[in-house]
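First comes one chain, alone, set out as structure tokens in the form predicted alone.
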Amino acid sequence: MARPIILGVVGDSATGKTTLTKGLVEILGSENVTHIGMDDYHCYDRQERKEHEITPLNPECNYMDIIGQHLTHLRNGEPILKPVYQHGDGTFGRPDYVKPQSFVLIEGLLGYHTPELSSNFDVRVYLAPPEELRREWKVKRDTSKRGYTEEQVLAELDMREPDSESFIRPQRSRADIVVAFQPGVKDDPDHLDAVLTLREGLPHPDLSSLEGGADAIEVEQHASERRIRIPGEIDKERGAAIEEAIWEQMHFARHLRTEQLGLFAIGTDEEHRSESLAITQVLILYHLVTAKATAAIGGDDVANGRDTASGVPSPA
């Protein structure tokens, strides 16, 4: 039996990690996915963090050694006893017995903090929206779902900034794919542009046929990186055509196709659909199913060309 394929989705708090992974779980099927949030590995509960004057962004506030051990177990197809952090009240619950399924999706703050940690992931995604937008998302989420006031959220953001700079943002350099959702020409929060940076080390799909014409995506090559801009104003028909072009390149997984991609909600808002989010999710899915196919035929180093010792994509 082929080992599980492990996807990492890393980024600062309220960058859209859960929104991105939710669609992937939907399309792959919950029975085929083990979905883990790395917040479960905090050392301290909410009250203890205040007493210690430490933020959850600091590696010293997390059981980094246990995270590394559990990643190794999951990659080897072995179960773990995972701790549980409860965001509702900031306390810990009973641990969960977790068995890895065909795909393991891990989202969190510090997944690529060290080369050893990052080398466990087959596909590494880093989310990097503009800071102003991230702050807006965090205020909406934490006031509606986590019991904070707006003043408390803003104060916490300011307190966390040094740790964001020291520990979170440097991980961007270890990602295979950097995703930045950001306002487009019309500055419509429901239709954000998606700017993707694709680095060498993974076999990215051919997107040349998608350029040109109305609502076209833009593809630029910069040294060993490819940058793609997906307009947020793309209409549903054009978005479906772009998704179809990517699906054609993973014909062995076409049975997974669904209309559940691209859905999101901020705070307590009802769900909306974003074509740029849907296309981004399909691109990430391409890498997951490609990695699965490679592992199935005995290729353990899915990301050919990756410097597995350092965890950083190899230069051209």
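The shown structure was predicted, so the numbers you read here are calculated from the model rather than taken from an experiment. Note that residue numbering begins at 1 and tracks the sequence as displayed.
In what follows, reference is made to the form predicted together with a further copy of the same chain, a form of this protein that is not presented.
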| query | finding |
| --- | --- |
| Sole residue of 189, 130, 147, 93 within 4.5 Å of a further copy of the same chain in the predicted complex, by heavy atom | 93 |
| In the predicted complex, the one of 78, 158, 237, 151 near a further copy of the same chain [non-hydrogen atom within 4.5 angstroms] | 78 |
| Touches a further copy of the same chain in the predicted complex: residue 45 (any heavy atom, 4.5 Å) | yes |
| Residue 73, heavy atom within 4.5 angstroms of a further copy of the same chain in the predicted complex | yes |
| Residue 205: touches a further copy of the same chain in the predicted complex, heavy atom cutoff 4.5 angstroms | no |
| 4.5 angstroms heavy atom contact with a further copy of the same chain in the predicted complex for residue 69 | yes |
| Segment that reaches a further copy of the same chain in the predicted complex - one of 53 to 61, 22 to 30, 36 to 44, 285 to 293, heavy atoms within 4.5 Å | 36 to 44 |
| Residues of stretch 166 to 205 in contact with a further copy of the same chain in the predicted complex (4.5 Å, non-hydrogen atom) | none |
